[in-house]
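Let's start with one chain on its own, the form predicted alone, as structure tokens.
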Amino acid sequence: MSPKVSDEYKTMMREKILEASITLFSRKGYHETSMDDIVEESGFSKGAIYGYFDSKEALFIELQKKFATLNYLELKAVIDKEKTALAKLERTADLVFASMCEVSEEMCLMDLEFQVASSRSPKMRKQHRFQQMAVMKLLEDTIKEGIESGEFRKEVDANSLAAILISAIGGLSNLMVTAGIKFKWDKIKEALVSTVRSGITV
């Protein structure tokens, strides 16, 4: 009888496989990375990897979920601490731009890979949409809160503004890794916060 494998061991194995995959996907891209590459990078057998992930797509989607969950929980924690809608948006900007200063090129490339691969895979697109909509709803609810409390102008369209904010951050990240443009993140944050504040506050 084979020995029983603990949940802790299974979690550790999954994490090691995911870590090896991040390196490959960011360096070679999703489509150019094979399961054989992941076997070589991770040091595990193909059978061991398939014991945790039944396909490269399933592995990639798990990475999407992992990054999105961490980002969502961190963002929600920041928003929940503040009492006013404006403070919530400003703390969100602090969090996002602090992470942009610290994030590695590998992580930015992974985010870009998520976007590109999601455009060609219905399963990945569904997951990517779910992730983006969750963050967008957090921002949209915060903006609506500000409108209802009288902090923000009544004519502000919460859904459109939330979409613009998400697109702005994503676009900056993409420019950094695709065009090699270096930004002064403190200046970018200052300009964005100032523009939004002057445009929506009463």
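As the structure is a prediction and not an experimental result, all values here were calculated from the model. Take the two forms, find the largest set of C-alpha atoms that superpose within 1.5 Å, and that set is the rigid core. Don't overthink the numbering: it's just position in the shown sequence, from 1.
Below, we refer to the form predicted in complex with another copy of the chain, which is not included among the displayed structures.
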Discussion item. Residue-level contact is defined here as any heavy atom of the residue lying within 4.5 Å of another copy of the chain in the predicted bound form; does S45 satisfy this criterion?
Written reply: no
Discussion item. My question is simply whether S55 lines the interface with another copy of the chain in the predicted bound form - judged by any non-hydrogen atom within 4.5 Å.
Written reply: no
Discussion item. When the contact criterion is heavy atoms within 4.5 Å, does S26 count as touching another copy of the chain in the predicted bound form?
Written reply: yes
Worksheet item: Is R91 close enough to another copy of the chain in the predicted bound form to count, meaning some heavy atom within 4.5 Å?
Response: no
Worksheet item: At 4.5 angstroms, heavy atoms only, are M35, I38 and L59 all close to another copy of the chain in the predicted bound form?
Response: no
Worksheet item: Just one of I147, L161, L63, V135 has a heavy atom within 4.5 Å of another copy of the chain in the predicted bound form. Which one?
Response: L161
Discussion item. Going through 95-123, which residues have a heavy atom within 4.5 Å of another copy of the chain in the predicted bound form? Please give them in sequence order.
Written reply: L109, L112, E113, Q115, V116, S118, S119, R120
Worksheet entry | Residue shift check between this form and the one not shown, rigid core fit, G171 Cα at least 2 Å | no
